[in-house]
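Next up is one chain by itself, shown in structure tokens, the form predicted alone.
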């Protein structure tokens, strides 16, 4: 075994074992699986275009500001802010009757959900072994839409934090859940369990400085007639690596993904999505826009798998990418794996530069070249805003 796995296993052996026996057993199973695997490397599909070495790289914090958000500005109000820190979590207000939030380590055994990890997802498997905080959020039936912000704030900026969140939405709920990283290095696993006829708007809003790093695994389990809109903004960071896995576990459900990836300087961003059409009559739409400049790099991948019998599935993948410098790199790959006959599917990917004719047109109307570029970039980003 090489360095990363050894390091994870050593950290696990130093953990406090004051946990329920069933949870210790889950960790031990993950520990044994981790021992049998190798460090993430460029031979793996999910890490082929990622700088694996940055997982161990400690970058001195500087004074660099964060990139500017590509999403519409505004002072949005939330029903509740869940602030997760080095010592646990705190709430901005008392939970109403329809909401239960507790530490993930206090989760009952029958509510624990096992997630499937393998060599490709070894970094996420390490989370199962090492997570020491996170929350379980249960939203029961309520008449009004719900908005919750999960804000990560860590004092030790150079220490990797391992979190697991499990979010359960009851039938008929309309909820918006936003994730933000305030500071630090984060490895987080999120599980969203979306009941029948439930609507979830999930915002993954990660704007990082060049010293910050983030790895996330996000699983969405959709039951019948559920609707999930996942809007992601991944800007900056020494390393961002995101995997979204979607499981249709019923019929007539819909998953919509919009993602804006912007890299600068020497940033490294990976944005992966897997959609599993296990049942018929489900719809998935993926619209991602990526922009790379300087010497940065982005890997943008979308894959849909349609199982035998999952007829009447509808799939659309639209990945477009812009390079703003000769040294920047973008790798983009839509994929379809279809084992059913009656399926409507379309996918496409483009990589290019800003259109020179459009730039010339804007300049001919008296707009300066830099402002013209900003207008075109903003217009390009807006295509991926799905909420």
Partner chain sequence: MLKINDVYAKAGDKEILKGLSLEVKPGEVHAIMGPNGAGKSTLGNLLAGMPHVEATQGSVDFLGKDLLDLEPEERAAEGVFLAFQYPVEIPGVNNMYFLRTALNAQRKYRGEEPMDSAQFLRMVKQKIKDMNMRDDLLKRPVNVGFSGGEKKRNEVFQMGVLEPKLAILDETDSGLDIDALKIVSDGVNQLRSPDRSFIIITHYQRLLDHIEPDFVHVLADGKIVKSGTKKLALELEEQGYGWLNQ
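Positions refer to the first chain, counted from 1. Please read these numbers as outputs of a predicted model, since none were measured by experiment.
Separately, the form predicted in complex with the partner chain exists; it is not shown, and the next lines address it.
Participant: Is it the case that residue 360, even though its partner is missing from this view, gets within 4.5 Å of the partner chain in the predicted complex, heavy atoms only?
Facilitator: It does: once the partner chain is placed as it appears in the predicted complex, residue 360 has a heavy atom within 4.5 Å of it.
Participant: Going by a heavy atom distance of 4.5 Å, is residue 382 a contact of the partner chain in the predicted complex?
Facilitator: Residue 382 belongs to the contact set for the partner chain.
Participant: At 4.5 Å between heavy atoms, is residue 364 in contact with the partner chain in the predicted complex?
Facilitator: Although the partner chain is absent here, residue 364 would touch it in the predicted complex, with heavy atoms inside 4.5 Å.
Participant: Can you check whether residue 371 is within 4.5 Å of the partner chain in the predicted complex, heavy atom basis?
Facilitator: Answer yes; at least one heavy atom of residue 371 falls within 4.5 Å of the partner chain in the predicted complex.
Participant: Going by heavy atoms within 4.5 Å, which of 352-360, 323-331, 36-44, 338-346 lines up against the partner chain in the predicted complex?
Facilitator: Answer to the contact question: 352-360.
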